[in-house]
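So this first bit is one chain, no partners, the form predicted alone, shown in structure tokens.
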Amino acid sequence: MESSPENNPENRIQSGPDGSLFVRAPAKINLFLHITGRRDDGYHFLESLFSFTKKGDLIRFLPSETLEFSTSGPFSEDLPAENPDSNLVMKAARALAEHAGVSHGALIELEKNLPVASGLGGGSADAAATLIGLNALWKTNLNGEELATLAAGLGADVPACLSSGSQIVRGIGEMLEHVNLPWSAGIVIINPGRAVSTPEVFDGFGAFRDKRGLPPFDVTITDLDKVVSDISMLDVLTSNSLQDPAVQVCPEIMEVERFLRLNTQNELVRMSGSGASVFALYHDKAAAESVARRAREFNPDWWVMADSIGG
């Protein structure tokens, strides 16, 4: 399938009047997520369709002799405070500097707008945006393949987050194929305000299926074009295999799903990633924004975002 301009990381860079650069780190949405096997070392093989919102975290880069990192935004206090170097943003910056032989630094400011540990790939998206931004700021001129290699060393989802285009992801996250969705949709994403541990959900995956007599793993998709042809096909032919085990960890997921199903007609409602964020797709962004307003009124403690994907 052909790629689009969205797949070029350089198109995500914006310049400020003070010489700064800005890169958006959008939310990653798993339109479906199937677990197809497991390696001997415990890593699971997956098959997932990633799409990305327009909104998300925002990272600003300024030239500096030293490497410094600061955070702001509604979810900055949820980031680990004891050691800023543990943040994937700093890990990405140091990895790029070491690979390219860069001796100077940068002022990096992360505006954290996405909830942490929410199934939206925020940390991975931040790391990818850092590689993109510093590659431009430092003029290291790394190509897409080199950036992808650095990204793979930072986390399974980071290579996919280098692009803001939709893509099918296989293996443990290293096998990527860009997908042109033949449709666009408004999207509402709701997080109930609880962080969910991805390892804990994966640990519960096998036990959940064993308990219910289900096959240990999902079958690989053979006709991807049919699956992505429209939203109804996604709903019928795919699922998020981590949703049921995630509900065991975070029952609030069911409350969010129930609200969204009561406020949709034939659209897709599904958890993203390992939770606890749940999304619903609508025919346009205006419809999504209307449901988002209702969600905020229904439960002011929920985090709610309306946006668009695809197209």
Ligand code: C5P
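On a predicted model such as this, the values are computed, not experimentally measured, just so you know. So that there is no doubt, residue numbering starts at 1 and follows the sequence shown.
Quick note: we don't show the form predicted together with ligand C5P, though the next part is all about it.
**Student:** Would ligand C5P in the model of the complex be within 4.5 angstroms of a non-hydrogen atom of every residue among 46, 172 and 199?
**Tutor:** Yes, the whole trio is in contact, each within 4.5 Å by some heavy atom.
**Student:** Can you check whether residue 155 is within 4.5 Å of ligand C5P in the model of the complex, heavy atom basis?
**Tutor:** Yes.
**Student:** Closest heavy atom of residue 251 to ligand C5P in the model of the complex, within 4.5 Å or not?
**Tutor:** Flag for residue 251 set to no.
**Student:** Among 187-195, 133-141, 155-163, 220-228, which stretch has residues with heavy atoms no more than 4.5 Å from ligand C5P in the model of the complex?
**Tutor:** Selected range: 155-163.
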